[in-house]
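Only one chain is shown below, in structure tokens, and it's the form predicted on its own.
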């Protein structure tokens, strides 16, 4: 994915990657990356938590403007929340 992102960036299209393994993201070296502490396949958080998902998307869009150093990885502060037992 990092290679595709670098090609898009070279064409003038800003990109951002999201992942949950900092070591893999450092190895792949995407132009910009956000680290999230969620399960693989759930980069926006818990299913059904639309408020948090929207916040994460807005954070990602904001990061496109503020992350200017190539290879920057920024960790988002969100953590997986388990549903309350019923």
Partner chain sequence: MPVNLENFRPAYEKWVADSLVDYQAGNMKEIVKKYPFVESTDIPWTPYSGVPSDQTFALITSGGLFLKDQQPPFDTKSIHGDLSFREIPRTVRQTDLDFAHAHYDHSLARQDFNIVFPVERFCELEGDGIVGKVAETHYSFSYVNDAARLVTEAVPELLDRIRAQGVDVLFMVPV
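Being a predicted model, the structure only gives us computed values, none of them experimental. Residue numbers count along the first chain shown, from 1.
Just so you know, the form predicted together with the partner chain exists too; it's not on screen, but the next bit is about it.
>> Can you work out whether residue 77 and the partner chain are in contact in the predicted bound form, taking contact to mean some heavy atom pair no more than 4.5 Å apart?
In response: No, residue 77 stays farther than 4.5 Å from the partner chain in the predicted bound form.
>> Even though the partner isn't displayed, in the predicted bound form is residue 37 close enough to the partner chain, meaning a heavy atom within 4.5 Å?
In response: No - in the predicted bound form, heavy atoms of residue 37 and the partner chain never come within 4.5 Å of each other.
>> in the predicted bound form, is there a heavy atom of the partner chain that lies within 4.5 Å of any heavy atom of residue 23, even though the partner is absent here?
In response: The answer is no: residue 23 has no heavy atom within 4.5 Å of the partner chain.
> Relative to the partner chain in the predicted bound form, which residues of 1 to 17 have a heavy atom no more than 4.5 Å away?
Replying inline: 1, 3, 4, 5, 6, 7, 8, 9, 10, 11, 12, 13, 14, 15, 16, 17 sit within 4.5 Å of the partner.
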